[in-house]
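Below you will find one chain, with nothing else, as structure tokens; this is the form predicted on its own, and questions on how it binds or moves follow later.
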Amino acid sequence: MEVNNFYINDIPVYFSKTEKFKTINLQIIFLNEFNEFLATRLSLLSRLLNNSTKKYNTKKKIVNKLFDLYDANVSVFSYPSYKTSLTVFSLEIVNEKNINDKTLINEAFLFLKEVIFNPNISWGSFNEKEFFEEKRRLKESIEKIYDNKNRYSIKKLIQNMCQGEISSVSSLGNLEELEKITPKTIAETYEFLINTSNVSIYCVGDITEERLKEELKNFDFKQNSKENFQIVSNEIKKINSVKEVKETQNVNQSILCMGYRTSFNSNDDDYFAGLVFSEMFGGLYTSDLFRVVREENSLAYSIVSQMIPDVKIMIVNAGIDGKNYDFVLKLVSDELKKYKEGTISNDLLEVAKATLINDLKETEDDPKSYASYMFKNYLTGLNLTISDNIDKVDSITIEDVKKIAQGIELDTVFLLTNN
């Protein structure tokens, strides 16, 4: 799909006009710092902004307004990319052409403007009742990580592996910082976000460029920040020895997490080869780890690998019997060694590439995914089309995968076990 680019009050807008979808999707994204201090505040702030505005000052009023907008969807969420926070204000509405209502786009865009620029703040503080309710809910969400043993184990792996690094900071936040936040300080965080962010806009749907410009001119954007926020890591971590950490709890199944440092990030030329490697190694049901550890040796209930390219990390995690810890560790290490030596299945390579290509094609079948794709292009500055990416994946060779494997080194192992 074709993407057009224009500016509204110094704010870049990326727009794909298409009749392919029955909806119009709009994402307005604020880039700012991500650090331990801001993480908890942004996590709580996004929850507050989701729940009410000055005009629609209860959750019920928000829900009723969305119903009036033909079941529109508006959401606010925040997540990190390396040292950058991304706060996304998202709107999805049915195309007014399908319901013969020529006011819907205008009303929906004005409602999103209300969500962004008119929060439920009075006298420099968020509404106290709403604030303490959302603070309580966020506290529960943070505490529940302990109950999800897989999420807990990955969190503990990252904390041990990335001590002192931004990667160890949870996007949910932490309880210590949460306790310090008040209705006034979270209002200050909102002002910081609105006034110091880099803002960009993405729209996908059947709307004219002229109409989109007209609607966006109603938004009260501040001067756009020109700060160069760091979205990917270029750090090279030297590993002197592998850290092994074990924790005992009353669990039915042990969780093994292995953290690796990689040599590439999502802006590097090797990025697509890294994705292909990850699929082959442990991302597919036909992957080598699944085949060797689970099917051939029956040593894991589940085993997967996943790349976190923004911070140059790969994680392998598996549900195992604790007594098989050493053997599973050896099997995973032996499989990686085979890749480093070039013992790589061409058939599996083709399956991995076909899977990734299919995922890329599906991006154009989902408006939210395509808006996110346009945003990724903005972040990286690469301006690649879906076809460009498909060609890059299709060109990956066994030698490319071998090169990726040679840049992957085990850093830390975490085992949650009951013995």
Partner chain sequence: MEKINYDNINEVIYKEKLANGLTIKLIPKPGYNKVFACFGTNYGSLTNKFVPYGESDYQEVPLGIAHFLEHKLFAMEDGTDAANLFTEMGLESNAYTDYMETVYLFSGTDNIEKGLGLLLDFVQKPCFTDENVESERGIIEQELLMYLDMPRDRLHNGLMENMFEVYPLRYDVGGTVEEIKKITKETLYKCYNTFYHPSNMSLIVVGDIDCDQIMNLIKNNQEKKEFPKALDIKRNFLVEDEKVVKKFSSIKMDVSIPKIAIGFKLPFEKFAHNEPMMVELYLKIILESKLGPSSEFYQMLLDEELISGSLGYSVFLDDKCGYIKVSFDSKKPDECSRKVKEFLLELRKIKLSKIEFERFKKAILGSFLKGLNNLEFIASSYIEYDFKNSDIFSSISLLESSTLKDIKKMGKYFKADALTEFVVYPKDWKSN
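Just so it is clear, the structure is predicted and the values come from calculations on it, not from any experiment. Take the two forms, superpose them, and find the largest set of C-alpha atoms that agree within 1.5 Å; that set is the rigid core. Numbering follows the first chain given and starts at 1.
Not pictured, yet referred to below: the form predicted in complex with the partner chain.
K.L.:
Answer yes if any heavy atom of residue 376 is within 4.5 Å of a heavy atom of the partner chain in the predicted bound form; otherwise answer no.
P.N.:
Although the partner chain is absent here, residue 376 would stay clear of it in the predicted bound form, with no heavy atoms inside 4.5 Å.
K.L.:
Find out whether any non-hydrogen atom of residue 146 is located within 4.5 angstroms of the partner chain in the predicted bound form, and reply yes or no.
P.N.:
Residue 146: contacts the partner chain in the predicted bound form.
K.L.:
Would residue 387 show up as a contact with the partner chain in the predicted bound form if we use heavy atoms at 4.5 Å?
P.N.:
No, residue 387 is distant from the partner.
K.L.:
Does any part of residue 243 reach within 4.5 Å of the partner chain in the predicted bound form? Heavy atoms only, please.
P.N.:
Residue-level check for residue 243: no, no contact with the partner chain.
K.L.:
If you check 140, 341, 176, 209 against the partner chain in the predicted bound form, which one has a heavy atom within 4.5 Å?
P.N.:
It is 140 that has a heavy atom within 4.5 Å of the partner.
K.L.:
Could you tell me which one of 73, 118, 218, 195 places a heavy atom within 4.5 Å of the partner chain in the predicted bound form?
P.N.:
The residue from 73, 118, 218, 195 that makes the contact is 73.
K.L.:
In the predicted bound form, which of the stretches 317 to 325, 186 to 194, 221 to 229, 269 to 277 has residues with heavy atoms within 4.5 Å of the partner chain?
P.N.:
Checking each option against the 4.5 Å cut-off leaves 317 to 325.
K.L.:
Using a 4.5 Å heavy atom cut-off, are 54, 155 and 306 all in contact with the partner chain in the predicted bound form?
P.N.:
The answer is no: none of the three residues contacts the partner (heavy atom, 4.5 Å cut-off).
K.L.:
Using a 4.5 Å cut-off on any heavy atom, which residues of 248 to 280 would contact the partner chain in the predicted bound form?
P.N.:
If the 4.5 Å heavy-atom criterion is applied to the partner chain in the predicted bound form, 248 to 280 yields 249, 250, 251, 252, 253.
K.L.:
Please state whether residue 334 has a C-alpha shift of 2 Å or more between the shown form and the other one, with the rigid core used for the fit.
P.N.:
Comparing forms between the shown form and the other one, the residue 334 CA shifts below 2 Å.
K.L.:
Rigid core aligned, does the Cα position of residue 99 differ by 2 Å or more between the shown form and the other one?
P.N.:
It does, since the residue 99 C-alpha is displaced 2 Å or more between the shown form and the other one after the core fit.
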